[in-house]
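In structure tokens, one chain follows: the form predicted alone.
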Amino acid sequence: MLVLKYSKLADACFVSHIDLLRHVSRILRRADIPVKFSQGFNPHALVFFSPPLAVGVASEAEYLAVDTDIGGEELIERYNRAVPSTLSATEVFECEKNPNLQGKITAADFVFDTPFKNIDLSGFVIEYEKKGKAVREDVSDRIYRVADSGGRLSLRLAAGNTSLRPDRILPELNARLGVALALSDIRKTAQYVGFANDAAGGFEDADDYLKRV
């Protein structure tokens, strides 16, 4: 199993995860990448993604696992020839089996295009609509880290089952910072497996995880 690390930048960040799922088979065919299929009555291509990215948010750390017989360097070369630079792959990892990033990813770093400020996260309450109902919740415990990333504000947010979408915290973040950030001012820079308080000592960068599985 090979895993591509790719970006979603500029206009590509407005392509929804569902649309990307629909188009990836065409991308792989256009790239002449032979993909293996599952066995059984209803075979499907053995292609797997990392967790969905909110529409409008850019990323330089998305992952696509492909079960194929070609080598890693050939895979990344063929893939990059078939996609625009805004979806280009930067690295490839070889794993013994599907690393299941969809289920393993527990956190991600997002950089916001505003000067770093060590904000107080206590009582960080957000409001949004879900399935037609208004939701109000305190998400302080799902913001794992506030950091300085090249002078810009970086937040490590929960992903996976307890996912905290960056677009949902934006109104409260803007209010606390006194700014007017938009979705286009957010970029995902890394994804992680593990937990902040686990026995292994915390989060592990997805790149490092892929190198050992």
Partner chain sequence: MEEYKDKLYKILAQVEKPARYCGGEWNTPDMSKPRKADMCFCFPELYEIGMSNLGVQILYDVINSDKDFAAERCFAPAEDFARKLKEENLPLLSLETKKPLKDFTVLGFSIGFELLYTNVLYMLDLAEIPFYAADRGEEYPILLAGGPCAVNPEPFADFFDIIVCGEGEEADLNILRIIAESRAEGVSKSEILKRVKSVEGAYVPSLHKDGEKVTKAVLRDFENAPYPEKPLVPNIEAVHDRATLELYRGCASGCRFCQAGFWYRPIRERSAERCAELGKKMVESAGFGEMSLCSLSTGDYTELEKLEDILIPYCEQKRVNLALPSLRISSFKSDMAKHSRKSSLTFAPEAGTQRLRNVINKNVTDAELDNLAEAFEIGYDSIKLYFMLGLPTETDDDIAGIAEICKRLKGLYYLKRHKRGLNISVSCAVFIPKPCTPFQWEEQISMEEMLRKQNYLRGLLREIKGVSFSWHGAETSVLEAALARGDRRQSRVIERAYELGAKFDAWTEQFKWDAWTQAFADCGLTMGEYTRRREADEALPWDFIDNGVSKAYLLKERELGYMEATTKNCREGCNGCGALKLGRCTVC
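Numbering follows the first chain given and starts at 1. Just so you know, these numbers come straight off a predicted model, no measurement behind them.
This protein has a second form, the form predicted in complex with its partner chain, left out of what is shown; the following refers to that one.
S.K.: Within 4.5 Å, heavy atoms only, which of E172, D67, D185, E60 is in contact with its partner chain in the model of the complex?
M.R.: When its partner chain is considered in the model of the complex, the option within 4.5 Å is D185.
S.K.: Here the chain is shown alone; which of A82, I126, A89, I143 has a heavy atom within 4.5 Å of its partner chain in the model of the complex?
M.R.: Exactly one residue meets the criterion: A82.
S.K.: Since the partner isn't included here, can you check whether its partner chain sits close to all of D19, H23 and R30 in the model of the complex (heavy atom within 4.5 Å for each)?
M.R.: Every listed residue reaches its partner chain in the model of the complex, so yes.
S.K.: Work out which of the listed stretches, 144 to 152, 157 to 165, 46 to 54, 30 to 38, brings a heavy atom within 4.5 angstroms of its partner chain in the model of the complex.
M.R.: Answer to the contact question: 30 to 38.
S.K.: In the model of the complex, does V15 come within 4.5 Å of its partner chain, counting heavy atoms only?
M.R.: Output for V15 is yes: heavy atoms within 4.5 Å of its partner chain.
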